[in-house]
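The chain that follows stands alone, in the form predicted alone, written as C-alpha cells.
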C-alpha cells in the first residue's frame, strides 16, 4: 500500500492595503492587513483624523466605499472644510466612494447597543470596504458608568466580528492615554495599534508614531518621526535607506576631490562610496574644498547634491563663481541640487528622505553636507541627543548605496593640540582631512594633512596651502623648514629666510 501523500498547503496570503501615507507602508511591514481592526490612538491635535482620512481616500472606491462614522467632536461639515486643504482630498468621492454619517445625536440620547446596531445597519446596506469610527473613545466615555465594562467589551467584540464577516477593514480613532493600553479592552481586541504623539521640546514641536501592534506581519520597531504638511501625513522610518540596494564593493574605483595635490596625498584619490570628513576652524577653506569636490564630479559627468545648513544657496553659488566654478549653470541644467535645510524642528530621518529623493531625481553619486554643526543646530532638541546614532544610520545607508559623502565640521584651533571633532564621529568616516592654522614668523598660515584613510595608504606629509581665485591650492614643494607643524606653533628646523606665500598684513 502506497503512503498517502499529504498536499502541502500554502499559507493564506493576506492582502495589504496601502495607507496613502508616504513612508508608513514600510513602517507597517507593507501596509494595513485587509479586514483587520486597527486602533489609531493619541492625544488631541496629533494627527489621528488626518491619518484616518488619508487612508480612506487612498482606498475608497465606488465598488468598495468607505463609511466614516463621526461620534462627537468636529461635525462632518467642519471636518471636511479643513481636510479638503490637503492634496489627498478628492471632492468627487464625497457622498459616493466616501460617505460620512454622524452618530452624535444617537450617542447622546440612546444606548450603546442602539449605536452599534446603527453601525451594523449602515454597513449591511452599503457594504463598505473601509469603516472608520471617530472618535470611538468619546462613545466609550458617554456610556462609561452607565453600562458594565463587560457589556462594553461584549458589544465591541460583536462589532469587530461583524465587520470582519462583512470583509471591512476597520479603524477606531480615539484620544487615549498610554495607561489605557493596559486597562481598555479595545487594545486587546484590536489587530493593530498605531500610536501618535505630538511632543513640545523647548520651542520645537516634534511628531512621532509607533506601531505597537500589528498581527500577521513584521513592522519596523521603535519611534518614527512624521510631519503634517500640505500633502497630509508623511512618515520617516528610523531605518530609512538601510533597506535600499547596496553597491558591490569588490572593485571600487578612486575618485578625485578636485585638487590634484590632495589626491596624491590620498594615494590617487578617495574610494567611491567613502565617507570623508573635512575638519578645521572657521576660515580654513572647508566649504571651498567641498565646492571643488562637487565641481570635479560635475566635470566627470557625475551629478551632485549639496545639503547646506548655514549659508544660503545664492551665497554658495556666488562664492563658487568667484573660484571659477560654474555651479549655477549645473544647477540650472539639473545636474546639481542644493538642499537648504534650516527648520528648527528638523529630524535626521526627514533630512535623509530629502537627500534620498534628490539622489533618485539626479542619479547623484556625490553628496556634500556643509556643515555637521549647522545640521545639528537645525534639529529639534530631542533629536540632537541622538545625533551621532542617527548620523551613523544615515551615512551607512548612503555610502551603502555607492554615494560618496563629504562632510565638513568646524573645530576650534587651540594652537597646542590637534583636535579632530568634538562630535567623536571619526569612527563614522573612512577618510579624515584636517585643515588648520599655524603661526610662522608672526603670521597665520594654513596647513592640510590626511589623518585617516580606510582601506588605503596615504601621505604623512603636512602641506601648506593658500586660498586664491581658483579655490584651495596646495603649495609645492613641501615645506621642510619647520618641525611640530601639527601643534600650530612650529619651530624652525633650518636657519634660513622664510618666504611667505601670502603677502603679510601691513602694520
Partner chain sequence: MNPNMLKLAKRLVLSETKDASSYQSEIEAGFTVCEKLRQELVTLSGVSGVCALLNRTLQLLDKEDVIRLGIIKIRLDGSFERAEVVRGPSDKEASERESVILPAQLLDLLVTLIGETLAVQIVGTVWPEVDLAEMKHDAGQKEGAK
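Numbering follows the first chain given and starts at 1. For clarity, every value in this text was computed on a predicted model and none was experimentally measured.
Beyond the structure shown, there is the form predicted in complex with the partner chain, which is absent from this document and is the topic of what follows.
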Is there any non-hydrogen atom of residue 378 lying within 4.5 Å of the partner chain in the predicted bound form?
no
Contact of residue 105 with the partner chain in the predicted bound form (heavy atom, 4.5 Å)
yes
Is there a heavy atom of residue 109 no more than 4.5 Å from a heavy atom of the partner chain in the predicted bound form?
no
Do residue 127 and the partner chain share at least one heavy atom pair within 4.5 Å in the predicted bound form?
no
Checked 150, 223, 385, 101 for heavy atoms within 4.5 Å of the partner chain in the predicted bound form; positive is 101
Of 213, 93, 227, 328, which one comes within 4.5 Å of the partner chain in the predicted bound form, counting heavy atoms only?
93
I need the one stretch from 394 to 402, 332 to 340, 194 to 202, 81 to 89 whose residues put non-hydrogen atoms within 4.5 angstroms of the partner chain in the predicted bound form.
81 to 89
